[in-house]
Structure formats: C-alpha cells, structure tokens
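Just the one chain here, the form predicted on its own, laid out as structure tokens.
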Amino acid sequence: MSIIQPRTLKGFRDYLPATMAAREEVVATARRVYRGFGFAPIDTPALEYSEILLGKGGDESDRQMYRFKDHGGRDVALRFDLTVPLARFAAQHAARLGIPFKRYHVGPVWRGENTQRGRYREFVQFDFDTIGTESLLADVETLVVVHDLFAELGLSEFVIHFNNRDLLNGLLEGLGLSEQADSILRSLDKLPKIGIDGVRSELATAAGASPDQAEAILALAGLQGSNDEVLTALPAIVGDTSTARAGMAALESVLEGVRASGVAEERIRVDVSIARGLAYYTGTVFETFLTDVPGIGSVCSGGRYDDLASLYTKQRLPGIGGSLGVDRLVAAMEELGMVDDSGAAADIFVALFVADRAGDYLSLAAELRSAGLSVELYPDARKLGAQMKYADRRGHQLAVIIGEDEWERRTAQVKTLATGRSVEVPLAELTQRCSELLEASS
C-alpha cells in the first residue's frame, strides 16, 4: 500500500496548538466584550442554497464562492461571510426574536480568492450585528464595540477608519455615474493595493468614467487631514445633493457619538477613502488597522446594510455590524510577538517518577484539578531528564516531582521552570503553594 503524501490545499492551513490557543483567547475575549453590550449568540449552517448567497456581495464574491451540486442535486454554496446568512436568518426568525435584535456569531467562511499575507481561503470570522434599527446610535455602538474589543485584547496601537457610503453616492449622482456605483466601489476598495494610478485606470475602463469624473472621485478618496478638517472640506468635494448632505450629517453625528463614548481621538479617523467592496453596504462603513503591522490589512471591518434582508422578506430589517477577522488578527499578533509559541494547555506538569504508584499520581493530579488548577500528568515513567525536557518544551510553568522518598515523607518538589528554582512542599499544602507560585509568576 503506497503512502499518501500529507499536504494541505492551497489557501488552507493547519493550526498548531500555539496558534489555536491564541485563536481561542481572541474568541473568548470577543465573546465577553460582545455580551457586555447585549449581543446574543446564534449559529447558521455553513452550507446555504446558492440563491441565498449569489449576488449579495457583488460579482467578485460570486466568482470566489465555493458552489456545487449536493447529493440531492440541489444548487448549494459555502457561505462567504456571516452577514448574508444573518439576513436570511433574520427574515425567517424575526417574529420570534423581536427587533431590534443583537447577535454574535463565530464560524468559518470560505472564499476562493488569491492567497496573500494573513489571508486564506478558509478563515474564521467573529461577527456582531444589530438588526431592525436605522438609528445612528447603533452605528456609534458598533464602532465603540470595536474600540473596546481591541483595547481588551491588549492591542494599544490601532485606528478605526470610518466613512459613509452616501458621500460617494451623492458625488456619483452629481457626476451622472450612479449606475456605475458598484464597479466604482470595487475599484476604490483596491486603492491600498494598486494605488491611485491603478484606480484611475480602472475607473476609466471598468466604470467608463471620463478623466474629469475620475479626478473628482479620486479627490474625494484622497482627502486627508484631521477629523474636523475632513468634515470641513467635504461639502466642496461631494456637492450639494440630498444624498451627499445626508452622508455628511451621518458622518458628523457618528463621530460626535463615538467621542461622547470616550473613544480617544487618535483611535478613530474619518477616512473617506474607505469603500468596502461588498455591494450590500448602504451607510456607515469602517475598517480597523493595526499601526504596528500595516501590511496585514484591516482586521475588523463592517458597516450598515439597510436593504439586505429585503431580498428575503417584505418586513424592513435594516442592520449594521462588524466582522472580526480572527485568523488575520492572530497572524498579526504572531508578528507582534504576542503569541506564546509553546502551546501549553496546562500550567502544572506532574512527572511520573515511580511507575507502580500511578494511582497516587492520578489522585494527586485530580486533587489539583478540583481546586481549579490545570494539570498535565506524564503518561510514562521515563527518565526524569526526558520528562523535564518535555515540560520545558511544552511551556508549563510549574513541575511537580515526587519520587519514592517524597512519597514516604508526604512531600513534593515544586520547580518553577522559568527560573529553575525548586522548593519542597508538604503534600497537604501543595495546592495552596502551586496557586501562590502561579499567581506570583503571572
């Protein structure tokens, strides 16, 4: 029988313990923050009828979709995000849930796109959304949730860039390019990747914009300055259509609300170049960047999608939310040295020193666990040096060593692995002393 070469598909990856532990920590922190704002958990299937997903994110999302016929001959596809399934979910269950409804949802999504740094074809998102309100307070809260999440994760160097789609829509109305809005948005969304000249070329070829029209669009996307300076300069650039005025008013209101919520000015930026390539966004849009890892791209993005659920129900269900790119964030944290590469799952290592006392070691480990401590018991009575080498490699904080003499004296050697220092502790005091040593090391 020939050996099958072990390999993974391009754009997919295995997650070793250290990375998975970091992912679990990020998810646990996000869950705690989301629940603190009143969001409740839901789940939806990974697989949907294709008609549920097609056309919702735009042509590019349709091209990237993993779509096939199932065993029953049904046309199905893997979800490319968690927002479109939420719109379908809300349309089905709004009567039972009541509105406004606030949810969070963590799960994998799939996009057959070109792989790049921090970007994979299968990745985990952790979304939070508010469905059933057009209030700008929900927009404000969304940005505050993102701010509090990153602060809670210990990421001090981040900036939330936000915009309002109505600014560009108003400008395009004045330019007579409203029908080309989707292709223009997709072109602007590529600005960080292909630069101004690349976007200028796409505006001409994909959207049919004249040179003057293209320059007007690029003037908006290129507007920079402090938050107040950008707000002051906008009217002269976007024009005086009702759509543009609504966008400017919303942008200003959201900024005032975020400031009132205590978010520092350096953490929030009015950035009218933010477009968001998905077609369903309607108002506020945002992206979050880590200033210490600029090349990783946005690690938390989202916005308002007031018309998405109308594709599934006549009930009006406007929504706004954010999506944390868990795997991209973990990749950034790895670059920042924030991920413990040991992957240790337990703080305490118990060496198996005397083979015929296995029952005593099992009882000891169970006693420590019953006190809330995490303990790994080595399964084989190998030489102590080999066991300690294993404990060091695994990243345990403490090692408990009990030989025959210690069992007779009812004591244990407790070694702090980071310093190599050992102390002899009576077994009756072992739980308390381990707790004290762990607390001191943390």
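Keep in mind it's a predicted model, so treat the numbers as computed, not measured. Don't overthink the numbering: it's just position in the shown sequence, from 1. Basically, rigid core = biggest C-alpha set you can superpose within 1.5 Å across the two forms.
FYI, the form predicted in complex with the RNA isn't displayed, but the following is about it.
Review point. Given that the RNA is left out here, which of 325, 85, 170, 283 has a heavy atom within 4.5 Å of it in the model of the complex?
Key: After the contact test, the surviving option is 325.
Point to revise | in the model of the complex, the residue from 74, 193, 93, 316 that sits within 4.5 Å of the RNA by heavy atoms | key: Only one listed residue qualifies here, and that residue is 193.
Practice item. Just one of 123 to 131, 266 to 274, 141 to 149, 95 to 103 has residues with a heavy atom within 4.5 Å of the RNA in the model of the complex, so point it out. Key: Contact-bearing stretch, as computed: 123 to 131.
Check your understanding: So in the model of the complex, does any heavy atom of residue 55 sit within 4.5 Å of the RNA?
Key -> It does not: once the RNA is placed as it appears in the model of the complex, residue 55 has no heavy atom within 4.5 Å of it.
Review point. So in the model of the complex, does any heavy atom of residue 11 sit within 4.5 Å of the RNA?
Key: Heavy-atom contact with the RNA at 4.5 Å: present for residue 11.
Point to revise | Exercise: residue 50 in contact with the RNA in the model of the complex, heavy atom 4.5 Å | key: Flag for residue 50 set to no.
Check your understanding: Taking heavy atoms only, is residue 162 within 4.5 angstroms of the RNA in the model of the complex?
Key -> No.
Check your understanding: Relative to the RNA in the model of the complex, which residues of 394 to 420 have a heavy atom no more than 4.5 Å away?
Key -> Counting only heavy atoms within 4.5 Å of the RNA in the model of the complex, the contacting residues of 394 to 420 are 401, 403, 404, 405, 406, 413, 415, 416, 417, 418, 419, 420.
Check your understanding: For residue 20, is the CA shift between this form and the one not shown at least 2 Å following rigid-core superposition?
Key -> Not so; residue 20 is displaced by less than 2 Å.
**Study point:** Cα displacement of residue 148 between this form and the one not shown reaching 2 Å, rigid core superposed
**Key:** After core superposition, the C-alpha of residue 148 moves less than 2 Å between this form and the one not shown.
Check your understanding: C-alpha of residue 198: shift of 2 angstroms or more between this form and the one not shown, rigid core aligned?
Key -> Yes, shifts by 2 Å or more.
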